[in-house]
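Only one chain is included here, represented as structure tokens and corresponding to the form predicted on its own.
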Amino acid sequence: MDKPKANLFSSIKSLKYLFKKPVTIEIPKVYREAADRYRGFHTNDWDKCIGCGTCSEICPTNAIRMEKVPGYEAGNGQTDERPVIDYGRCCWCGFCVDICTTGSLKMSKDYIFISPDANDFIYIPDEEGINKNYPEEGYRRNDETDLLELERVIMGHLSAEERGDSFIEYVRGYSKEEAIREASRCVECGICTYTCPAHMNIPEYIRTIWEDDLEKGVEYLYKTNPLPGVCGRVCTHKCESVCSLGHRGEPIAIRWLKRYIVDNTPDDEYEKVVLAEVSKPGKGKVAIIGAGPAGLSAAYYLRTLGYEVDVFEQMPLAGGVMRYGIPRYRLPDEALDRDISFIEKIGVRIHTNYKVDKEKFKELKEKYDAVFLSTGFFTGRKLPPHILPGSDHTDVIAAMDFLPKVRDFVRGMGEMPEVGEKVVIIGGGNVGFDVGRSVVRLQRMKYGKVDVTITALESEDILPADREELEEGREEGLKVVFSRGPKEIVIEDGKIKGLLTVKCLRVFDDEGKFNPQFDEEDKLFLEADQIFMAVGQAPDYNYIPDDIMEKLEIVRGKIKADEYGRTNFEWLFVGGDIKEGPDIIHGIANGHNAAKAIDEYLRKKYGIE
């Protein structure tokens, strides 16, 4: 098609505009109201902002950078950085608002700012706005412009009917397609890494799923955690509680993605990664007492540094609470065995059925250069009779006296533990639900019906157990009674009739300390012929010689040590429950930190640079 010919007079016609009066807005004397979705200067609500940096990552003109704010103390799940915007670069696209994980960053209707200093246009947004006038909100995201996928990819589970009378693992795990979809939701902000007790490289290993490079993912896992198969199933996933996506939607399924990497990496690739971590033999021998998460973690990292490591475990199988406390339907032996097998393959020697007493402790001290204690909280606790009358009855059982018997029964190493037809469990933590859900399964096997009640001091909104434990337990037939405190175990003719409870008005005092208050007039009787107590666990220090024990500082049952597990004795280190209290991922972190301290001690002892 031919172009139209230019009009000779068109340029002459435009001369008429020379004589028209221009439309001039005298800024800032004249202000025109901006449109409702006007993209003006930014504001940022610092109470909502967590410093995740997603706004900076997405900015196409590099107009946003993250900077530390002097004097600002970040809370849990936050960084001490806030976005700084360079309006000399900003193109006002609004992507930063579209992707903001908390909704704190907004664009206002404010569009006028005058300053002779160019540096004033590099600005840290706050709620007041650049003109300190708390401007009205302008552009805001909607469902079409929101750049985040806020819904989690659903994890497949066995139905309550399928799992209610079986101890098989009920979480199916992600398929490749599901894992990639879930991994794609991660904004790689790293907030999770700060919160994880082991400071795992979480965004990095999630990216390897997206890139389909699971061998690289295993490398990232083992940098800070030699028990990823365990943690991919039963970690308390503190990382997920601070996930930036959780502020507006559902957090990334970090735990399940870790499990996906472990379960889908072939053994030969897995072994190649693990064996590559071992250094040349170092000078020194270390004894570890207790083959729980802390002991195994310390053993792994000490062996990678080249030291000879022997682990001494009193039980027939290694694993500690992972092996004997956590029910099989949550953590099957096969997953734990796989993790432990790789620790043994790098040269860690694990001696089971080896109970350390005071004399053997002295022998270990003489034979080894350093000793690491990780014997855990393996003794079940019960409220004493002067606090809870009737608690000394033979049918009142501590959780940690019961759960190991269940595990042995399921693996064919013992008989079915005795369970009553009507059971009440005292304690609303994860251990209480482990007992309750185990009893449900045993009752179905023995009686073909379920009658299990958990009673908790806490109300439902502050229940210490994970939400999934509550929901799945209810699906399986558990009844849960909230805000009730045990008053008396009623016994008639030598048999338990039930538990008398009173209303718990509050669990913590104004200072946040555990200090339950009760309404003694508000009573509720729960029928039972057997009662379990899940009110905590205790350590057993009878194996430590008296001359050493008297010089250790014990605070609320735990041995006082620094963050690296150092005690009053330069050769003695501690970790796990006896340092931090019960928690697998804390134990793993303790073991890793202690390995660093032991390495430093042995290098100094033998004069190695």
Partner chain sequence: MKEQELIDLIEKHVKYEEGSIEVYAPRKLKFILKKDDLVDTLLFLKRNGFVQLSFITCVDWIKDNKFELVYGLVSWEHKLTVLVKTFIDRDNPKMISIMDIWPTAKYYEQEINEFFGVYFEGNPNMSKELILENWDSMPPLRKDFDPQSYSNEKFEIRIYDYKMEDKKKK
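Numbering follows the first chain given and starts at 1. Predicted model, so just to flag it, every value in this text is computed and none were measured.
Below, we turn to the form predicted in complex with the partner chain, even though it does not appear here.
Task: The unique member of 48, 560, 551, 68 whose heavy atoms fall within 4.5 Å of the partner chain in the predicted bound form - done: That would be 68.
Open item on the list: If the cut-off is 4.5 angstroms on heavy atoms, which of these, 339, 369, 86, 178, is the one near the partner chain in the predicted bound form?
Closed with: Contact residue from the list: 86.
Open item on the list: Residue-level contact is defined here as any heavy atom of the residue lying within 4.5 Å of the partner chain in the predicted bound form; does residue 158 satisfy this criterion?
Closed with: Residue 158 lies outside the contact set for the partner chain.
- [ ] Consider residue 387 of the chain shown here, and say whether it contacts the partner chain in the predicted bound form, taking contact as heavy atoms within 4.5 Å.
- [x] So residue 387 does not count as contacting the partner chain.
Open item on the list: Is it the case that residue 394, even though its partner is missing from this view, gets within 4.5 Å of the partner chain in the predicted bound form, heavy atoms only?
Closed with: Output for residue 394 is no: heavy atoms all beyond 4.5 Å of the partner chain.
TODO: Using the partner position in the predicted bound form, report whether residue 132 sits within 4.5 Å of the partner chain, counting heavy atoms only.
DONE: Answer yes; at least one heavy atom of residue 132 falls within 4.5 Å of the partner chain in the predicted bound form.
- [ ] Choose one stretch from 216-224, 482-490, 298-306, 111-119: the one whose residues place a heavy atom within 4.5 angstroms of the partner chain in the predicted bound form.
- [x] Among the listed stretches, the partner-contacting one is 111-119.
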